[in-house]
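The chain below stands alone and is given in structure tokens; this is the form predicted alone.
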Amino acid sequence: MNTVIDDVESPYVRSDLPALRVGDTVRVHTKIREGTRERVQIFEGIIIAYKKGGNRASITVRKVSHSVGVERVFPLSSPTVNKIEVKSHGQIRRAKLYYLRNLSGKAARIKERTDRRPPSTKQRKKAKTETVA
């Protein structure tokens, strides 16, 4: 049954979105209609939840504005989502960051992820033997 759903939804899945992960700080550009006019509004915050599911995928973005926490759910395939910019990647160890709701100030910060991994012991031994030879 899932293959049938995937076949029906595949033409509607957006491919212009960047690789998103929980803990990333993003800027979501959304189209806002005010009467007859339309403008783009930017919502910047941390992704605290990512719900996958092809055409039904969505992200929950949280920011603190004037000492009040604001969360907003963005369906990724929605035409109102103009574009998403990833500002930084966070180093986290959870799939959902709901615990940030109870934290404030410096405690709510997330460490930035660096993609460099320390070399394994096998790589260190190999590097030693190459420098000796």
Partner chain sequence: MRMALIGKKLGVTQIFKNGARIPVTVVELGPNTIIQKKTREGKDGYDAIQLGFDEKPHKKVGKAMKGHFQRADVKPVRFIREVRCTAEKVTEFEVGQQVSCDLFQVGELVDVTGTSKGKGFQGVMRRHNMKGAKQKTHGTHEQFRHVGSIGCRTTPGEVDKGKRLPGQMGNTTSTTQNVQIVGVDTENNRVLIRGSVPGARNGYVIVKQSMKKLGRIKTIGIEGASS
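It should be emphasised that the depicted structure is a prediction, and the values quoted were computed from it without experimental measurement. Residue numbers count along the first chain shown, from 1.
The following text describes the form predicted together with the partner chain, which does not appear among the structures shown.
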Notebook entry, point to check: Does the partner chain get within 4.5 angstroms of any non-hydrogen atom of S78 in the predicted complex?
Noted result: yes
Notebook entry, point to check: Hey, in the predicted complex, is N55 touching the partner chain, heavy atoms inside 4.5 Å?
Noted result: yes
Margin query: Would you classify E112 as touching the partner chain in the predicted complex, given a 4.5 Å non-hydrogen atom cut-off?
Written below: no
Next item on the list: State yes or no: in the predicted complex, is some non-hydrogen atom of R94 no more than 4.5 angstroms from a non-hydrogen atom of the partner chain?
Entry: no
Checklist line | Contact residue in the predicted complex, chosen from K63, K83, R33, R101 - any heavy atom within 4.5 Å of the partner chain | finding: R33
Notebook entry, point to check: Can you say which of 55-63, 39-47, 103-111, 84-92 gets within 4.5 Å of the partner chain in the predicted complex, counting heavy atoms only?
Noted result: 55-63
Checklist line | Residues from 4-25 in contact with the partner chain (non-hydrogen atom within 4.5 Å) in the predicted complex | finding: V4, I5, D7, V8, E9, Y12
